[in-house]
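Only one chain comes next, encoded as structure tokens, the form predicted alone.
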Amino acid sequence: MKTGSKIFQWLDERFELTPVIEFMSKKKVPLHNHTIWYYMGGVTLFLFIVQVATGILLLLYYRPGSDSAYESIRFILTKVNFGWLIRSIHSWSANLMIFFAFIHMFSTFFTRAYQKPRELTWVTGFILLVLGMAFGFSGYLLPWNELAFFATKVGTDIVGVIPFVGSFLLELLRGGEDVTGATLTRFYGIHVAVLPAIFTVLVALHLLFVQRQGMSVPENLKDLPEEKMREMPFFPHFFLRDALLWMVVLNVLLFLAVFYPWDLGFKADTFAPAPAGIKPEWYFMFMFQTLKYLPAHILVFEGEMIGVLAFTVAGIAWMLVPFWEVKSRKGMKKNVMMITGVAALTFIIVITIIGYLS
């Protein structure tokens, strides 16, 4: 018996790998006009892995603190071998991860892959997107540069307008009344410990749901006889195609990191005025710009508070789409959901573009 077979037999006796291999070999992926959207979740997962790998490398040199964070990033960029590349890959992959997560979410919505029995797959996917945005928000402050400092100040100010719990959440995030070194260390802990722990558990659940329920099939193909349904083995055919796309995305990521390296900017000065034209990351722009359009007061309430509550309610409603969609009348269900999705996507894109052009 060969050495490889002996090792496999030893592991199989202890961990029962044979049923897993049989399951993988029998797993099929439907082939149709929308098969391409199946790859978006895998790309998002790949970029998260890149985030973890580059984040660990950055942690070897990063030192949290208002008097050390900026200097440690500058040291990484100028003294550490390929430090500038690792930092750029980390920053670009964070943005691309959220970008592909949005694509994955809307493709799932428009193909209605959230329907029974995949309700919890949708819910965990939406929460993962929110956590990804939280990763971006908490990590944005870590370089302790001018733009990050004031963007964090504006972002946490918005949290402070939430009724009843706003003041508590504001102090919880900042570690005090203002954005200081305490805020930086708090965001550091959230970014490298709290969020990764929650994210990893939810990713495992999300992948488990997908593996147990399989890939969704468009409604127009559900009634086809089994012999007419075109399928592809997940392993190795779909897996190899997924891996090929990962390599394409990796090349795009390297191109962006090399030719458009992430700028460090100037060190934050807590006593300096905010720079003109300060803007958040692109995935927060549609919310930021919408809040700017609201009047100072709507009836007896603050306009900003109404806006924050509206986005919160809309986010919860979007997360619960699989549960309220079934209550629509069957004749109107598909059209109502399609209009809702197109309106949400158009709103996000248009307001984001206006935000950058204004």
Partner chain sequence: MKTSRRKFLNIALGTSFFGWIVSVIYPIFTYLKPPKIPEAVVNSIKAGTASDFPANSGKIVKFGRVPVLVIKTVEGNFRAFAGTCTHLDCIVQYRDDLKQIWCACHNGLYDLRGINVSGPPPRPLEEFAVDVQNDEIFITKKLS
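Numbering follows the first chain given and starts at 1. None of the values given here were measured: they were computed from a predicted structure.
Only in words, not in the display: the form predicted together with the partner chain, which the text now covers.
- Site annotation in the predicted bound form: the residue of 172, 244, 165, 208 reaching within 4.5 Å of the partner chain with a heavy atom is 172.
- Interface residue among 193, 130, 240, 272, judged by heavy atoms within 4.5 Å of the partner chain in the predicted bound form: 272.
- Across the proposed site, 154, 186 and 276 without exception bring a heavy atom within 4.5 Å of the partner chain in the predicted bound form.
- Residue heavy atoms within 4.5 Å of the partner chain in the predicted bound form occur in exactly one stretch of 314-322, 298-306, 31-39, 54-62, and that stretch is 298-306.
- The partner chain in the predicted bound form is not approached by residue 99, whose heavy atoms all lie more than 4.5 angstroms from it.
- Heavy atoms of residue 292 reach within 4.5 Å of the partner chain in the predicted bound form, making it an interface residue.
- The closest non-hydrogen atom of residue 177 lies within 4.5 Å of the partner chain in the predicted bound form.
- Taking non-hydrogen atoms only, residue 282 never approaches the partner chain to within 4.5 angstroms in the predicted bound form.
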